[in-house]
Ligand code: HEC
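Shown below, as structure tokens, is a lone chain in the form predicted on its own; questions about how it binds or moves come after it.
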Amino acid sequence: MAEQQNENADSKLIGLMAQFDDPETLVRACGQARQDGYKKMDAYSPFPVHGIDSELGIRRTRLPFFVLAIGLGAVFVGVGLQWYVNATSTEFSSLFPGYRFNISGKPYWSLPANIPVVFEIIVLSSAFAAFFGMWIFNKLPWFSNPLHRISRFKRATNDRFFLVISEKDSQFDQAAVEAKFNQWGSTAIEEVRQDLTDTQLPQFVKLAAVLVLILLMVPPVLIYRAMGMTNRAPRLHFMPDMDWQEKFKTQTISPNLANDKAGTDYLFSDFRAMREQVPGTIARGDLEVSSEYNHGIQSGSTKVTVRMNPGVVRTGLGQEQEGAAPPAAPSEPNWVTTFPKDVNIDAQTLARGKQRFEIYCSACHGFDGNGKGLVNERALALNAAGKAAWTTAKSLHDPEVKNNEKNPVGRIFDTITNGRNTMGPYRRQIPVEDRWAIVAYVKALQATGIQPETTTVGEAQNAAGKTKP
């Protein structure tokens, strides 16, 4: 006979448990129970027992398919949500309308641009599906396990093996199951009873759940309230990041090191954050050692001052001075007539010069240097209509421009660097090396009279007055 637990009105029978002394007997009993038609049963062992899953009739988990279904659903949710909020307006809902966000004339809806968000929502939803799906398929959480009330079941983690047949099984009969257990070689049989009080939540858990639900309603209420009102108070900033770091900002006062409200501990005595360059210093990598290479002027030559705009004086070395009057007759410096030794005229340099020329120069001078660029043509049309004031761009094939004596390579380099007449300077946009590459390409243009797709290196060097090495 089975050992009986003390029965009372607050418990109910949920199954019978049989104890076995070795895993082989347990596996054999599971197989026989399945052959006899029992389906709602489970086995317990201190270690994994190979082959017991098939004997119990345990099928493979459906969790992967559940996760896949949730992930696929997330694809439609992610794509649909982005399409609704970005590509629709008020035709579907006036309460929660979408907003057509026009970005540089791009399409309102483009699937590739929305792939990252879809990927992220798939990962997030799949992770939640795997976590909560495991709880659902395992019927968790259990507030209590009635097996833990049986003292001998504690040996399930040590040296004993157990088989439990649930009373929910359609063939369950207590007397018949006990007889089967004895027939299958069990060493002990006990009733498994569920204490009805174990299924009730503690009072403090119920109270905590109610409080949490009340607190969860607070944010939506505050959001709804804020949607219909204005507020002059600053927004809450939970993560300041780098918004209030001690740093210099343009057009502001310098940082207050001690955060002194009296303003007595600022970094600079004049309170200014923007500072002039320290006299005698130069930025790393900006040291101009060679006058020929950096300015197109031969060493020992004096600076030249050329008037650019009213009230602005430009020197040959790229310096500007506001408010100074230009000289009456500016003198030309001793420009270099051949490329400096630091400039290597080869096919790669010409290709680089062609690329830079088409980016910075062709808009006004044209791709072939004839002075008929798109900007120049459009400005001349506006000029003729009285809507603009424009000076015609120079043709690089003009005999005066092509004259190596009046317009040597050093002067062309200075024109690109500091501008000339109505042409602005490009020293900030174009590095020194690229300026010389443009000069080489300009001389090649002048030598051929056409866009030099096939201009040889020798032609470019000869046009610049430099012999081929």
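None of the values given here were measured: they were computed from a predicted structure. Quick note: we count residues from 1 along the sequence shown, nothing fancier. The term rigid core refers to the maximal set of C-alpha atoms that superpose within 1.5 Å between the two forms.
Although not depicted, the form predicted in complex with heme C (HEC) is the subject of the following passage.
Interface residue among 360, 184, 172, 108, judged by heavy atoms within 4.5 Å of heme C (HEC) in the model of the complex: 360. With the partner removed from view, the residue among 416, 43, 409, 29 that has a non-hydrogen atom within 4.5 Å of heme C (HEC) in the model of the complex turns out to be 416. No residue in the set 137, 142 and 194 has a non-hydrogen atom no more than 4.5 Å from heme C (HEC) in the model of the complex. Among heavy atoms of residue 442, some come within 4.5 Å of heme C (HEC) in the model of the complex.
Not displayed here, heme C (HEC) is approached by residue 426 to within 4.5 Å at the level of heavy atoms in the model of the complex. The shortest heavy atom separation between residue 33 and heme C (HEC) in the model of the complex exceeds 4.5 Å. Contact annotation: residue 422 falls within 4.5 Å of heme C (HEC) in the model of the complex, judged by heavy atom distances.
Considering heme C (HEC) in the model of the complex, the lone stretch of 116 to 124, 172 to 180, 384 to 392, 341 to 349 in range is 384 to 392 [heavy atom distance within 4.5 Å].
After superposition on the rigid core, the Cα of residue 36 moves by less than 2 Å between this form and the one not shown. Relative to the superposed core, residue 160 shifts its CA atom by less than 2 Å between this form and the one not shown. Residue 149 is not among the residues whose C-alpha shifts by 2 Å or more between this form and the one not shown once the rigid core is aligned; its shift stays under 2 Å.
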